[in-house]
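Only one chain is given next, in structure tokens, and it is the form predicted on its own.
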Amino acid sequence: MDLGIEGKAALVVAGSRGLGRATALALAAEGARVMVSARDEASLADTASELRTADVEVATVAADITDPGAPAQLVAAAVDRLGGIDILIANAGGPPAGRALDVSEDELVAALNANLLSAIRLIDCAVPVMRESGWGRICCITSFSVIQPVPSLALSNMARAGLWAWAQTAAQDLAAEGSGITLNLVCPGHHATDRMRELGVSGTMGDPHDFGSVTAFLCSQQARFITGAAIVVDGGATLAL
């Protein structure tokens, strides 16, 4: 299936590893021009090298998305180097594991900054650019915990659920104004990534490339009528209705 995004400009945040990288590769395979950001320049260079095998325009920017000023800088860089932003993949590394009653206020603030506010800042900066072209696809990579909280991941549960509530209302605002912009969450379960290994997860896990393909579809022309949705990609692990 041709997703209709050849030549579209995509900004993928935290895109040098794991599910972000898999998404960047899926978009590049569909002919999108891709800018990838991450903190580590070595991993960025490695990812860029792989992306270029798809024979598409590739750019990289080293940035820490938890810095409040980074979203505006990334959007400006994408406009400068790619000529705009058609596709935004908001992503950030997950917070540490911990029980709800054991986490500190500093940990709560850090989790909200990384996994809620960073995405909102990015979207706030990117939407005006998308409005100018009358077309846009925004996907936030979150977690299946927005559907079914994970007992040992209190910080992630809190921040992801907050982003889900905000995204649902923002998606309705965008639809009501006829902007041509969709906003969805992609909610992974256990995939074979460094994050899962750090959390000590074992057993059967999903292939990150399959996750990337799902996210790329949500960025397609055919997905124009999907917005305000949380698409769970977890191999059936979530039991919540």
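Note that the coordinates shown come from a computational prediction; the quantities given were computed from them, not determined experimentally. Residue numbers here begin at 1 and follow the sequence given.
Keep in mind the form predicted in complex with a small molecule is missing from the figure; the text below concerns it.
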Listed range touching the small molecule, judged in the predicted bound form by heavy atoms within 4.5 Å, from 163 to 171, 100 to 108, 119 to 127, 138 to 146 = 138 to 146
The small molecule contact in the predicted bound form: Ala216, any heavy atom under 4.5 Å | no
Would you check, heavy atoms only and a 4.5 Å threshold, whether Gly84 touches the small molecule in the predicted bound form?
-> no
Could you confirm whether Ser179 comes within 4.5 Å of the small molecule in the predicted bound form, counting heavy atoms only?
-> no
Thr60: heavy atom within 4.5 Å of the small molecule in the predicted bound form?
-> no
Thinking of Gly4, Gly212 and Ser220 as the candidate spot, does the small molecule come within 4.5 Å of a heavy atom on all of them in the predicted bound form?
-> no
